[in-house]
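In structure tokens, one chain follows: the form predicted on its own.
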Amino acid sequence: MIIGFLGTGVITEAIIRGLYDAAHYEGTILVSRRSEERSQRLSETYPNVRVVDQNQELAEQCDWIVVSVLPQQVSEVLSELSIRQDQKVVSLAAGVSLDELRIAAAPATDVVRVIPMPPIEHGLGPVALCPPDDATQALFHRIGTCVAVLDENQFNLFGATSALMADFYDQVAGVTRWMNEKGLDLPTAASYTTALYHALADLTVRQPSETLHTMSADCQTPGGLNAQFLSRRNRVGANQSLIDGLEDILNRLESATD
């Protein structure tokens, strides 16, 4: 099987590195010459990666076409290609519906949407998939946790939640910066903060889904430090801000797919 990537951005690179480094993938991958420096770097690092100059040339040579261009470019890029009916089209573009993709990718009908996250470069993190598809799920399960849904409205919930990434990094950096400003040297502050967040995240992965909502309460004692911190965060509306932010992103995604 030959996989071709239309667009060679950050997520494309993460997928390719994850497949070859974490999953020991042995198949051929084609990348377009978009982001020439990145595509050249990938081809020099991995013998099975080839750079293709023209999108149509890439489409002719691959079995799967992975669409990794900006959402507003998807219809134009796909409509300019002669896509075969037997090809699979995998879209990474946020807010571009399956109906839009099927129209632009016709006569191909095997069309799916995925949301990979950057940690898949290391074989970690969620990969949202819609609709469920055995072949796509098998590929992405090699570099992450593939979670599939049939309904695009539910898929948009994954899209909204993926927007938490920058907020997470900002929080980790903010805690580290606070410790540093209080006199702790930066490497020591960063070592503690990143280990803390890593450990907490790892612990949540090990919990049954029905107990996630109790984890916060379980680590609070009356008058304790955790209770004090969370109480203040709730008073200033931090939790409501989280929900409001998710609703805003969800509304944006739903508007884009309507």
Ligand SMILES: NC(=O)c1ccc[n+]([C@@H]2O[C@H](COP(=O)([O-])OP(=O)(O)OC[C@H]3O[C@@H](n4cnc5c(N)ncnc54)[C@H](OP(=O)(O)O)[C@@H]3O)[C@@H](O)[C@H]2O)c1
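We number the residues from 1 along the sequence you see. None of the values given here were measured: they were computed from a predicted structure.
Unshown form predicted together with the ligand; subsequent notes refer to it.
Colleague: Taking heavy atoms only, is Ile11 within 4.5 angstroms of the ligand in the predicted complex?
Modeller: Output for Ile11 is yes: heavy atoms within 4.5 Å of the ligand.
Colleague: Residue-level question: is Pro131 within 4.5 Å of the ligand in the predicted complex, judged on heavy atoms?
Modeller: Looking in the predicted complex, residue contacts with the ligand do not include Pro131, since no heavy atom lies within 4.5 Å.
Colleague: Quick one: is Val175 in contact with the ligand in the predicted complex, heavy atoms, 4.5 Å cut-off?
Modeller: Close contact is absent here: in the predicted complex, Val175 is far from the ligand, nothing within 4.5 Å, heavy atoms only.
Colleague: Classify Arg50 as contacting or not contacting the ligand in the predicted complex by the rule of any non-hydrogen atom within 4.5 angstroms, answering yes or no.
Modeller: No, Arg50 stays farther than 4.5 Å from the ligand in the predicted complex.
Colleague: Considering the ligand in the predicted complex, find the one stretch among 180-188, 152-160, 101-109, 69-77 with heavy atoms no farther than 4.5 Å from it.
Modeller: Of the stretches listed, the one contacting the partner is 69-77.
Colleague: Looking at Ile83, Ala148, Leu92, Leu139 here, can you tell me which has any non-hydrogen atom within 4.5 angstroms of the ligand in the predicted complex?
Modeller: Looking at the other structure, the residue within range turns out to be Leu92.
Colleague: Relative to the ligand in the predicted complex, which residues of 102-133 have a heavy atom no more than 4.5 Å away?
Modeller: Contacts from 102-133: Ile115, Pro116, Pro118.
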